[in-house]
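Shown next as structure tokens: one chain only, the form predicted alone.
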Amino acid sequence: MKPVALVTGAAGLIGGYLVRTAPRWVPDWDVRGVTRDEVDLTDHGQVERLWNRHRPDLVIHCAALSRTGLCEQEPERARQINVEATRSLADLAKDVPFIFLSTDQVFDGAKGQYVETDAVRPLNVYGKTKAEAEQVVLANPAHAVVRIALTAGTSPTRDRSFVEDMVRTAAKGTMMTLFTDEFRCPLPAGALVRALWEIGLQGRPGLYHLGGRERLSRWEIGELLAARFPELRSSIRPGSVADYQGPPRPPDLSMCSDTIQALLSFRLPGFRQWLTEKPSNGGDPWDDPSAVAR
């Protein structure tokens, strides 16, 4: 029988890619995706039954409440999903490799180019719950935490990636202000999930940063996307985070991914390179498995 990999959050952006790309990257594994509709991960009894049903040899835990605004509105729900559900799964997976997806938002954005040894200082509820969950996971020296950057891709529900959000907002005729002084290291979902599969198969515990090679402002990201999605051109304008009226925004969440890069069989792409290459399958570049291998 094939070893079993359990992927939570299979209806989300990254979980969906992990399940969809499994035949290409892990053909010798039985990959079983789990969605919120199937199992309430905040119900410990349901989680135990899920575990006993699948008895996985590897867990990649993607499920989360990741909308920052929603986390601010419902902090207790965010903690139940992001921390306590993670605790239940990590406890059950104490003897198998377990990969927990965290976020660059565990940092305050004051310096940028963060490395794994930098102290966390989250500014929002989402980042705080993820930082707490990281400590739960890393209490087991056999488990891994991967902090991921802004991810581009096409989700099963077409509403989970920042690109999908931007295209949908533009379709409504709403103007978007993209900050010239807020920085991230965006990464296509295809490259991100290939890296997760490689780390999972290697059984590499520890803490890793996983983002693209380029540090780009929100405005630069928008300009690059507008070249591929012309409908965005009339819906984006530059602005400054200094003029933003709302909850604190980390200005520079760029991360250094050298640690994980040293373990991978391929080079993590830069977002600009990825978008300017013509995908061999004629579709979006982040959904082109052959591009990931280049």
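Predicted, not measured: the structure shown is a model, and the values here were computed from it. In this text, residue numbers run from 1 along the sequence as written.
The same protein has a further form, the form predicted in complex with a small molecule, not shown here; the description that follows concerns it.
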Partner contact check in the predicted bound form: of 197-205, 134-142, 113-121, 100-108, the stretch with a heavy atom within 4.5 Å of the small molecule is 100-108
My question is simply whether V19 lines the interface with the small molecule in the predicted bound form - judged by any non-hydrogen atom within 4.5 Å.
no
Do A11 and the small molecule share at least one heavy atom pair within 4.5 Å in the predicted bound form?
yes
V39: touches the small molecule in the predicted bound form, heavy atom cutoff 4.5 angstroms
yes
Wondering, does R184 line up within 4.5 Å of the small molecule in the predicted bound form on heavy atoms?
no
Just to confirm, with a 4.5 Å cut-off on non-hydrogen atoms, which of L224, A90, A149, M166 contacts the small molecule in the predicted bound form?
A149
Of A63, L253, V31, I260, the only residue with a heavy atom within 4.5 Å of the small molecule in the predicted bound form is A63
